[in-house]
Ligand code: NAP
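Heads up, the chain below is alone and in the form predicted on its own; it's given as structure tokens.
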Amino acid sequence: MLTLESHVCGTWQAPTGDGVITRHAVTGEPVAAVSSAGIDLEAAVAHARDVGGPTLRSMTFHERAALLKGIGLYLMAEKELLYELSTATGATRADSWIDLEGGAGVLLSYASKGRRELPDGNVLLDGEPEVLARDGSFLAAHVATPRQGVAVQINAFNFPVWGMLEKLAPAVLAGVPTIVKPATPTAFLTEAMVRLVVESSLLPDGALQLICGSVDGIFDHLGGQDHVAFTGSADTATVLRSHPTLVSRSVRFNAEADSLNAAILGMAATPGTAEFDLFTTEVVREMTVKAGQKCTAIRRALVPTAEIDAVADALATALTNVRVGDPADEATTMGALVSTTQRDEVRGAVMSLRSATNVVVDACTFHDVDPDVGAFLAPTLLRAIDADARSVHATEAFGPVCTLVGYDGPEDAVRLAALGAGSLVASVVTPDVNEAAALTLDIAAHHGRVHVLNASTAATSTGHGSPLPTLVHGGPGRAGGGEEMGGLRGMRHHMQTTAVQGSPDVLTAVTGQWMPGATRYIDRGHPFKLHFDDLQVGTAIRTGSRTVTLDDIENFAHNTGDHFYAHMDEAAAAASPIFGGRVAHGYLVLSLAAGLFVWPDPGPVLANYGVDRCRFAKPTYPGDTLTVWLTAKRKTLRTGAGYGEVAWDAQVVNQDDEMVAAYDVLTMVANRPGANSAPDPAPGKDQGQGIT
């Protein structure tokens, strides 16, 4: 039997006292002793703040993303060790795949999003700048920076690896260190995974700490820069969020709690349709994966009253094909619950439900295991006697249990779904897209995610119970009122958004992005002749001019086939309340602008890969003369690629200096040969001539 250690202040530390004994879910044999006796929680918090935090904040988003990628790949390479240990939690290999490879996948997903969607800096600009002075001399921008605290995780037992990594990924990407408290029954698997992470030497000291056992008292050391993320029961979430220190110091608290998730069989999904079969398959899967120990599992199957007998029969038949037994056996489709204590709690919940339901299925054959020794429970399907019975919508049996509930019409289905008082996810299964749309919109306010399933998505659907790193995981009301993951949304919980007011030059220095009205540097030659390393944000060129002619417009129309009346019909264009006469195509304006600023010879600019934020501010008429201001707006290095991305602010003005078009040109620009990357000179300290 192992005695689990905690990893705090850079070292592995054994507890000083006896711990809680966790047991093998199948054999009942002791697995580990879990205790945090003697662990200095205050020192762990201080180590995160004073060591881990400053190091992470000194790194760019891209550097932090590289950490996540490295850890994800390392865990994937060492996964077999974790698979072997995971069997003791009662999980089959398929169950463990969700936990282990799904957890590593979250790291890799966040690593990819960090590299693709975040700047290569440590300040995140939130939206466009706000102009506060008519002459543009005073601006404001919202910027997000890492909070200077610690993220404390308190996790549930059902996903000891994924549950930790899906919280760790956005915290590390944001630049905030983490302290993890795993649930005691499966802490041995979390500890083994953290040992691998520490062994990899990829994360800086203090970025990740592990406390096996109680963290009672840790909240006393938290403050307004800190964040608590809890996964568990709604009752425990209520107790924790009301902790006096969390309340008085406004500590951010995110809860992902249990919920009575529903699956709704649409009125159009009658027996014989593909959707009817998809519904029964989805319900059985959610009852049996992880032995139903998923916060997203289907607890209530809402079906039209006219079809409830057919659904009950189909589910009962499908459940007979579920093989319950030793999770180490490849033939097993459902293993054990995590412990006999958990099994007994589920049995108690079923007894509460029995007062308002009839049993459809509650027995099975247990293969090659002793169900009295291991934490085994037969898949249990109940049928509500009274669709409105409170226990049906308030009692969660956190195991392989689901209740069939009949509904009379779409409005009744929506009402019954809402009786769950807030859920993580609901499924709508119907071949009728209008029915699907109506149900989705009516239940959306009560759910964090709505999974719509029909025959066209059957082969590609990720499933009712699968939280994805790119989608929000959380829900209102009983589900905790929080959200995790959701792509970069999850990272923002660990950052402070601040409105910064100042001059364009100040905001350029703060954000690392050129702001309208900031100094332009124009004496360095054509900016397209500069390598990425030598290009400074604010480097600019004011091009020569080009007068637009009627021949230009007609030739462009002929070559493109764009004969829109405003370009080709003088009378119709003159009658327009917008144009008042023939005008140049917007794309002609962009093309002529490109002709003014593009450097024709081979050079550092490797490719133009698009434009962003394109707007045509004013019509361009025959006889108008166009000039372009092109300014290096933003640089993003692609480490190891030999180039970086440069966004250029393009402003096309006419002879009266009126803006006719504005957009960002996106280019790939090569590094200087032999150079990796050079830091930008500080904005405002360029050696060249500056103009505003």
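These figures come from a predicted structure and were not determined experimentally. Heads up: residue numbers just count along the shown sequence, starting at 1.
Keep in mind that the form predicted in complex with the ligand is not shown, yet the notes after this line are about it.
- Residue contact with the ligand in the predicted bound form: L424 places a heavy atom within 4.5 Å of it.
- The closest non-hydrogen atom of A207 lies beyond 4.5 Å of the ligand in the predicted bound form.
- The closest heavy atom approach of G406 to the ligand in the predicted bound form falls outside 4.5 Å.
- At the 4.5 Å threshold, heavy atoms of M568 stay clear of the ligand in the predicted bound form, well away from it.
- Heavy atoms within 4.5 Å of the ligand in the predicted bound form are found in one stretch of 223-231, 245-253, 121-129, 542-550, which is 223-231.
- Note on contacts: among H473, H446, R300, H451, the single residue with a heavy atom within 4.5 Å of the ligand in the predicted bound form is H473.
- Exactly one listed residue, out of K181, R520, H464, R147, brings a non-hydrogen atom to within 4.5 Å of the ligand in the predicted bound form: K181.
- Within 4.5 angstroms of the ligand in the predicted bound form, the stretch 197-224 places a non-hydrogen atom from V215 alone.
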